[in-house]
Every structure is written in C-alpha cells, then in structure tokens.
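A lone chain, given as structure tokens: the form predicted alone.
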C-alpha cells in the first residue's frame, strides 16, 4: 500500500527539453500526506497490539472472586429419612441477594433502602462491598420469599437474586444432634450431614456430579416417633428436676441400631443461632462422665465371667475399705456379709470393690477395654469423645472404677456395653444407619459367656423388683436395670451435693430387645424434702419412655410374666 502511495505522490512531468521536472508543490504536499497516513497506521497498529496483549494476559489469569457465583447444582444433597421414610432433612430452593458494585449508582441510598427490609444488615461491611468496584458480591444469602418480594419492590439498580439450595429440617430440634447441620453453602458440618459429605458427597459436589435426581435418600436407624418421645421426656425432666442438662437413648441390642437419642439443651437446625453455645453439646456421644453405679453392671459381669465368682458368692461389706488416703463406704450400708445379688441390688461400693479385687487390676482393665468402654467409639456420628482412664492402673484405680469413679466414658458407650450383657454376650458397634440383625452379627464379637448373660438378666430383673430400679418398672413390659448416682468433681474434690445421675434399663427381660439409658446432670429434688438420686429422677424418665415407646417398637405387653425373677442355677 505504501509503495502505491509513493508512486502516486511522486508523479512527474517532462520539460520542453525532454528532461524530467518534479512538481515541487506536489512533492511537498505528498510528503505531508504520507506522514499522516503512516501515523494513522501506527496508531491503529498500537491499538491492535494492546488489545491482543490484553487478551493474552487474560488467558493466563486464574479465576477471580468477581463474576457470577458458581452453579448451585453442585450443592445438592440427598434427603435424610428415618427408618420409616419420614423426611428428616431435604433441600429447598431459596433466593440470595447479590450486587454488581460497578452498576450501583448511590451506595448510601441502596443500603438505606435495603435496611427497611433487612434491618440486621451491616452498614459498614455492605458499604465496602458496594464501593469495591467488583463485578459481583453477595449481600444476603437465603432470603425468605417475603424478603425477596419486598426488595424487588425497592427498585434498586445494580442488585439481583440468585436461586440456591438450602437445607430444611421438618422435625426441627427433635433430632438435631443426630441429623446435624449444613453451612451456608449446603455443606455438612456436623452430625450425619457431615458423615454423608465424608462418604464422598463433597467430592461429587466439587466435580459437579451431585445432581438431585441421582441422589438416593439416606435411611437412618432413627424412628422419628420414638425420637420425639425421648426428646420430649428428657426436655421435661430437665425442667422438672431443675437440671443443667439431660439425655436419653434407645438402643436395639440385636442390631446395634440407635433407634432414638436426644440431648438437651439442643438447637433448631433451621435457625441454629445458638448451636455453638457452650451448653449445646451432644452429651450422649460427645460428653464424658463418670457413670457411677451403672458401672457395677460391668464389675459384676466381669466377676461372673472370670469364673471366680458365682451368684452364691459372698463378700464382707461390714466395714469400709481404706486404701491410701481414700476410704470406700456404702451409701446405705447393710453392715454385713452380702451375696452377689445383694451387692447388686443394694449397690454396695464395698462389695463391688471386692468383686474387682478378685479379678485383679490387669483383668479389670482388660475387661473394660474388651467391652469398648475405654476405646473411642466407632460409629457414623462425627461427634464422639474419647474415654479417659489412668495412665497406670493401681489397686486404688481398680477399686474406684468398680463403682464408676476415676474413669470417664460416654453414656452411649455405656448403653452399648450393657447391650452386650443382655443380647447373648456380643459387642455390636452402634450405628445410626438402618441395619438388620444378620448384618450386625457379621461384625459382632463375643465378649462374655451366655452364662454371664443369664446371670446379669436375673440381676437386672431383681433390681427392678426389689432394688433401686423400682421406679423404672412399667406394667406388662418386664423392665430391669441399674441406677447410677455419681458425685461430680467440683474444684478438684467430689461434691456430695452435685450429682450426675443415670439409669440403664433393658426390656423385656425374658428376651431383651432394647436398652434404654437416661442421664440427668446436676438434678435438684422435684419438691422440698424429696431425694435427688437416680432412682427418683433418671429411673422415672426410663419408665415414661418405655411406657410411651414400647408399642411403637413392636414390644407387646405380657402381664403374665410381671417381673418374674427366677434364680439362675450356677
């Protein structure tokens, strides 16, 4: 192109003598024109080079925080249902508010208008977002339909809505600790919600493969009807006995299924503003306690299983035991020699200590580990505490552990251990997923003999008939069990006035199907002059749960075998 222009600009003419004469005027004009053309081309070339360079630069940049949010399809989650198909958690569509700061005309005016619908909006933080110059910022996630409608009517330019998924829990606080929670991005952060993510859902979400229609519901072992009963009873008990906390569990001894489990105070997963408060703890699986005399179940079972003790064996409980600086006494001592059944129904600390002494320190520690009481429990629920025990066991540790002091475990583990003493002698790891008895037995391990189980069934039945478990009886359902009233450690010393109470029960005692365990933390007397031991609060809690839940569990009442305690031949 430049060559053609040069030819045109350098046109010449011939003179009279035939020589070539250049038109000087045209030459001068042509030079200026050529300069302008070259400059114009240089400008355009520079623009093209700049655009090309910018495009190349963008090509090497990673993703930024601006721009529209990622697709919410990746946040889809499967429904969670109870054993009967009742929905415990499901996804619902919701709208979230966003802004494009570059299109916001007046940030102050926009915030003032939004505050009329969202009074909780943070002015400073929102102002910074709107003045950031970013392409996209979230202003408020998970709006209600009413909020969305009112914001649309404000007519604020530069804001919009994005459809997302959020979790909805139809049962509210009824099973909050079991089902768990999700965060603002619909990711599981506690309970079975977190377990589901850990099983691969989080990876599916990241890969974009977690499509709602392809996700099958997760069926839990929970029976929502029974769960409601347990939660209702423990909540009422906490108020009735002016306690700081309470809890309960219904455990299937044949399958290892947790049919119901509640702990209060709890929270509403649909509005979990207080879920992180210090007193919001799943005490059944994440709380560690000295379980008191409920541990005498294990001490007596250990003694019987060792072969060194029978139901006819006797122990002298006439005098306290002094070891080092500690003196072991009975709460209501008989001051005489006791048989094994008497040690159990009178809840003798002295007798239990002597049972443990027969087995020995190492044998005692081994037995508690065998029943999983001092191991971290293996189950789907993430919130599980690790039990504590002395680093080095001495005789004093064995003696105090015999009546549930000096070692701490979770109430759920206590229930699981007691189930092994009722179901034929097999330790079955607890599960929050639906499971059959055959599936449970594939991984079960024998921990005590059938003869020991027969003896413990007899003692549980006898204790409900003549011992501290009378208040746990329910006509027709043959309930047996053991109380546990443990003094709590306050300022490094055991307090006689501050207690942690528990009752562990099994029913029906002719062929136990379920363990029901209740706890109540720092209870007070229901009325002035009444006691605050486990027999007066934790035991009635068990009775109320069994009375209401047994028909739903398929256990038929049998009034012909009303607590028929028959001595087992040893």
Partner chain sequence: MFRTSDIILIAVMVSAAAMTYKIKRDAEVQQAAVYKIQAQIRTEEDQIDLLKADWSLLTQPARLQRLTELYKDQLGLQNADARQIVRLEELPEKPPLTIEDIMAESGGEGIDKEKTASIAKDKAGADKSKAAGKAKATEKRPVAAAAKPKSTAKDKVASNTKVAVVDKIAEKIEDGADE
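Under this definition, the rigid core comprises the largest set of C-alpha atoms superposing within 1.5 Å between the forms. Residue numbers count along the first chain shown, from 1. Everything numeric in this text was worked out from a predicted model, so none of it was measured.
Below, we refer to the form predicted together with its partner chain, which is not included among the displayed structures.
Its partner chain is not drawn, but in the predicted bound form it has a heavy atom within 4.5 Å of residue 145. Shown alone here, residue 187 lies farther than 4.5 Å from its partner chain in the predicted bound form, counting heavy atoms only. Under a 4.5 angstroms non-hydrogen atom cutoff, its partner chain in the predicted bound form lacks residue 290 among its neighbouring residues.
In the predicted bound form, at least one heavy atom of residue 225 sits within 4.5 Å of its partner chain. Only one of 133, 335, 155, 475 comes within 4.5 Å of its partner chain in the predicted bound form through a heavy atom, and that residue is 475. Of the listed positions (93, 216, 242, 496), a single one reaches within 4.5 angstroms of its partner chain by any non-hydrogen atom in the predicted bound form, namely 93. Contact check for 86, 171 and 556: all three have a heavy atom within 4.5 Å of its partner chain in the predicted bound form. Partner contact region in the predicted bound form: 475-483, out of 475-483, 436-444, 348-356, 450-458, criterion any non-hydrogen atom within 4.5 Å of its partner chain.
Residue 400 shows a C-alpha shift below 2 Å between this form and the one not shown [criterion: core-superposed Cα displacement of 2 Å]. When the rigid core is held fixed, the Cα atom of residue 282 travels less than 2 angstroms between this form and the one not shown.
In the core-superposed comparison between this form and the one not shown, the C-alpha atom of residue 358 has shifted by less than 2 angstroms.
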